[in-house]
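Given next, in structure tokens, is a single chain: the form predicted alone.
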Amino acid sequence: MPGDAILKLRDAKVWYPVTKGVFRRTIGHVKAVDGISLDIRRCETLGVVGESGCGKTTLGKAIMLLEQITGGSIAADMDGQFRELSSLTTPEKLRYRKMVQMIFQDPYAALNPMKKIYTALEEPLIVQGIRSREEREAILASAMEMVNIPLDYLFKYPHEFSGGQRQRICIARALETAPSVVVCDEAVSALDVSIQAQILNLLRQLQRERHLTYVFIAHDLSVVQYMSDRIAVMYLGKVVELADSTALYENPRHPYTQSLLSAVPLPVLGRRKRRVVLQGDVPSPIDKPSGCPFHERCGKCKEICKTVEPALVDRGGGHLVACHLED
């Protein structure tokens, strides 16, 4: 069951400078992640959804230390004490990367086609300081058994595997260092639907057995509902709604969330939902609109929405919504 926080984000920002001219003068910023505050609880699955470009993957990379935050803080529970990632020393960063691992979206690009699977899985163990060859081989054998792939497949190349097998190998590589947190960045979007179900069930089984915490980033709202304990809905680098999975799907309260869920087809012949169709395009993350970032596309927009940005506020029962219509 989900417990205390293992990661704490406080007003976390990841901005990319936009430069111009010979002297590369900064004229603006792409605000990919623009002030996110939330706690990721131990042993829970936090789903993160939103349109392409909303900052989901950038958020995952910031948690992984693959992107440097430009504002706010991300702190991790390391040996019972929360440490800000920006203040970690190099040895501490190595220990943190053992604690937090990532499963990437494309299993074809995640493995080096020039190296055998044995080398791909052995390398992280060498980086983490496991010098004994016998110990590394024992860990590799356990990892391959964990994802139901025969041990002799270690000596094959990535092109000899199907997409589902490759993703299982990527899962084995992520879990072989015994992490506490796994960032799943669109971990099943590149797979066939039947294979998706196998990988999702494998992830849930491994979570129960190893007491893992997942940050599950995806576009497919049905997959997110199946996997998640809580769901954060992102729009233009911000979390606009955060709630328990059941509460979010049964009672979406932000207009953007309502539109997203209205697009999910019902698995019942002849039944249809009333679509909430958004107008216009997503604003540029370089030049965001004033007030609520969603107001230009919202059919319920009021005057206050155009000038005052709503805060993410608990509207009862842990259901957080950033919308003036809830006031």
Partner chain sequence: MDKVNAPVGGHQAIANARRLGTSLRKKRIRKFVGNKLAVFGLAVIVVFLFMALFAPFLTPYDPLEPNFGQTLKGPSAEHWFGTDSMGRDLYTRVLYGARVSILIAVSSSLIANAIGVVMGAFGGYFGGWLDKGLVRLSELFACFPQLIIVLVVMAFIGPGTFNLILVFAITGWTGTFRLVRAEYMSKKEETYVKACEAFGMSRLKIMFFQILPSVMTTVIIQVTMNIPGYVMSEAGLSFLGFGVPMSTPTWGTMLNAAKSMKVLLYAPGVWLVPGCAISLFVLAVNFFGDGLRDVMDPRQQ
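Remember, predicted model here, so these are calculated numbers, not experimental data. Positions refer to the first chain, counted from 1.
The form predicted in complex with the partner chain is left out here; the points below concern that form.
Asker: State yes or no: in the predicted complex, is some non-hydrogen atom of Pro252 no more than 4.5 angstroms from a non-hydrogen atom of the partner chain?
Answerer: Pro252: no, not in contact with the partner chain in the predicted complex.
Asker: With a 4.5 Å heavy atom cut-off, would you call Met64 a contact of the partner chain in the predicted complex?
Answerer: Looking in the predicted complex, residue contacts with the partner chain include Met64, since a heavy atom lies within 4.5 Å.
Asker: Is Phe82 part of the interface with the partner chain in the predicted complex - any heavy atom within 4.5 Å?
Answerer: Residue-level check for Phe82: no, no contact with the partner chain.
Asker: For Arg97, is any heavy atom within 4.5 Å of the partner chain in the predicted complex, or not?
Answerer: Yes.
Asker: Please tell me which of Ala110, Ile149, Leu236, Val181 lies within 4.5 Å of the partner chain in the predicted complex, judged by heavy atoms.
Answerer: Contact check passes for Ala110.
Asker: Any residue of 101 to 124 with a heavy atom within 4.5 Å of the partner chain in the predicted complex counts; write them all down in order.
Answerer: Heavy-atom contacts to the partner chain in the predicted complex: Gln101, Phe104, Ala109, Ala110, Leu111, Asn112, Pro113, Met114, Lys115, Lys116, Tyr118, Glu123, Pro124.
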